[in-house]
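Below sits a lone chain in C-alpha cells, taken as the form predicted alone.
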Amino acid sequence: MDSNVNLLVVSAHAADFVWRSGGAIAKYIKHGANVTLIILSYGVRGESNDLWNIEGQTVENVKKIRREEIGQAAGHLGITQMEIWDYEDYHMKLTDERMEQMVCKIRETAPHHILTHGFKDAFNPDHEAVGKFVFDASVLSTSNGVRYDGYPTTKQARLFGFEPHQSEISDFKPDVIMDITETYEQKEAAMNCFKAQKHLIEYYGAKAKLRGNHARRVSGNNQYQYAEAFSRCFPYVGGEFN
C-alpha cells in the first residue's frame, strides 16, 4: 500500500464512518496514509433513537454523548484529523454555501481517494443526499471556473461508496472488497464505543465476516477473515487489468 496517499472520508452521521469503513480507515492510517474525517452531523434526529428513550433527553445532551462516542472511536482507529460540521440531520439540507464548504475542503486536503455514501441507500435519505453532494463537490473541485480564494483546483479524486445497511434493497454491488483482517480489532473496539446504536454492533460484525468470506472465495487467499465492501463511482483506468 502506497503511504503517500491522502484519504478523505465524509460521514453523514456520527457513526457511519465506523460501521462502513472503520477497518479501511485504520488500515490506511497504519500504513502511513494521511486521513481526514469529516462528519456532517451528529445524527441527533435520525440515528440516536436509543438516547431519546431516556426521560428528559435534550438535543444538546445527545450531541454531547455522540461527540464523546466519536472521539473514542476515532482514537481506536488512529484518526487525528477530524471535523464535525454539525448540520441538522433527517433531513439534511445541503445548500450552496455547504457545497462551497465541501469543495474548499476537498481542495484543501487534495485527496487521492474519497470514501463516502453511495448514491442509493434504502430508508436513509440523508445518505443518498450526501453521496450525491460529495460526488458533485469532487467534480466542482477540479474546475478552474469554480473559484474560491486560496483554494486551487485538484485532480479528480477516486470516489468509493460505503456499503449501505440494506445492501440488497439498495441494489448495492460490491465492486471493491478490502481485507481488513489486520485492523478488525480496531474496528470492533470503535464500534463498541457507539452505545447510542448498540443494536448495530453485532450486525456490522457479522457483515465484516460475510465480506471476509467473499474475499476468500474471490481471491483464494485464506488469510482474509474480515473485509469491507465498497462501490466504485468511476471505472478503473489503467494500462492493464487490475
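Sequential numbering from 1, following the sequence displayed. All figures in this text were calculated on a predicted structure; none of them were measured in a lab.
Not on display, but discussed next: the form predicted together with another copy of the chain.
- Only one segment in the set 66-74, 32-40, 187-195, 45-53 has residues whose heavy atoms sit within 4.5 Å of another copy of the chain in the model of the complex; it is 45-53.
- The candidate spot formed by Ile79, Gln81 and Cys104 is out of contact with another copy of the chain in the model of the complex: none of the three has a heavy atom within 4.5 Å.
- A residue is said to contact a partner when one of its heavy atoms sits within 4.5 Å of a partner heavy atom; Leu140 meets this definition for another copy of the chain in the model of the complex.
- Another copy of the chain is not drawn, but in the model of the complex it has a heavy atom within 4.5 Å of Ala215.
- In the model of the complex, at least one heavy atom of Leu115 sits within 4.5 Å of another copy of the chain.
- Contact between Ala110 and another copy of the chain in the model of the complex is not found at the 4.5 Å heavy atom cutoff.
- Residues of 127-156 that come within 4.5 Å of another copy of the chain in the model of the complex, judged by any heavy atom, are Glu128, Lys132, Phe135, Asp136, Val139, Leu140, Thr142, Ser143, Asn144, Gly145, Val146, Arg147, Tyr148, Lys155, Gln156 in sequence order.
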